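Only one chain comes next, encoded as structure tokens, the form predicted on its own.
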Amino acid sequence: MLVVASSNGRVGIGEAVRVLAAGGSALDAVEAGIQPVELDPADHSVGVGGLPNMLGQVELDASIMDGRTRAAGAVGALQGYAHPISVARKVMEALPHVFLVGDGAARFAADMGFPQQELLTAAARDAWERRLRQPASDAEPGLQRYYDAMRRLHERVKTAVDPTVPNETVNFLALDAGGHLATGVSTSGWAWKYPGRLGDSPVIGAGNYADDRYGAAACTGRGELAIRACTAFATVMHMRAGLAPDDACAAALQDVLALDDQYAGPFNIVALDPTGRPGAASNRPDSTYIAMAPGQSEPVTCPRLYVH
């Protein structure tokens, strides 16, 4: 039994391991591990406190996949609900669908009894205002939001890109006592994104994939690249071909790095094979992930293979 996660999963990995130790499923473990991250206001890339879109709205994306059946659920551009990972699981279990977005996802969350919650914290609002406001005219004291006078919002998205802001996601992968794998990802997406933008996190095969036969994988970073390269699925297929998890992540990352994208930045992949071997790769040196098994009091910090 093992849980691996991106480094920002530290606040939840202990809960995920407790679920496994109590006999819970890998699917239960990844959901339980992600929920505390979604509630952490200090993490501005996930859940409550996530950085908003251009209009100041926090839109959340998540997906979950059961490696035993390859069933999956996902939500995108969900507003007003703190646990998109749990809503995504409900999509998988209660509907004949895989993917809900926007108002439909919010309606479904309400139908399933999830409580509404304010997602935009004061710190996230301040960061948004600092980035997207400009000095007003002398006739209008103070600052004026860029978008008040916007006629071409898509142009403002390009100018608002901030390379210092992490484009992160939380990844959880688990292997339970029955030998079953599961993956889950959750994110608030690209800071200052165009309203309605979806990255790889809710896209099965791009940001998340699990198959008990071969392994599981998940991604963080520039989601548009993972979508173009089907990165999570590609990583699992490299393990199917016999590569160790580290090497599978590196091979999939090479495909990502071959893509031309002026907004490309840090990109990370983490993987877990059916025997419990973890692996990871990154295009940034000194990048790490965490792993924890029942009986351990703290997660172990592990280096990602550097691919450049």
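Being a predicted model, the structure only gives us computed values, none of them experimental. Sequential numbering from 1, following the sequence displayed.
This next part talks about the form predicted together with a small molecule, which is not shown.
Peer 1: Examine residue 215 and determine whether its closest non-hydrogen atom to the small molecule in the model of the complex is within 4.5 angstroms.
Peer 2: Outside the cut-off, so no.
Peer 1: Is residue 211 part of the interface with the small molecule in the model of the complex - any heavy atom within 4.5 Å?
Peer 2: Contact check for residue 211: no, nothing within 4.5 Å of the small molecule in the model of the complex.
Peer 1: Under a 4.5 Å heavy atom criterion, is residue 190 part of the interface with the small molecule in the model of the complex?
Peer 2: Because a heavy atom of residue 190 falls inside 4.5 Å of the small molecule in the model of the complex, the answer is yes.
Peer 1: Answer yes if any heavy atom of residue 180 is within 4.5 Å of a heavy atom of the small molecule in the model of the complex; otherwise answer no.
Peer 2: Contact with the small molecule, no.
Peer 1: Counting only heavy atoms and a 4.5 Å cut-off, does the small molecule in the model of the complex sit next to every one of 169, 200 and 221?
Peer 2: Per the other structure, all of 169, 200 and 221 touch the small molecule.
Peer 1: Heavy atoms, 4.5 Å, the small molecule in the model of the complex: which of 70 to 78, 221 to 229, 97 to 105, 113 to 121 makes the cut? Say which one.
Peer 2: Single hit among the candidates: 221 to 229.
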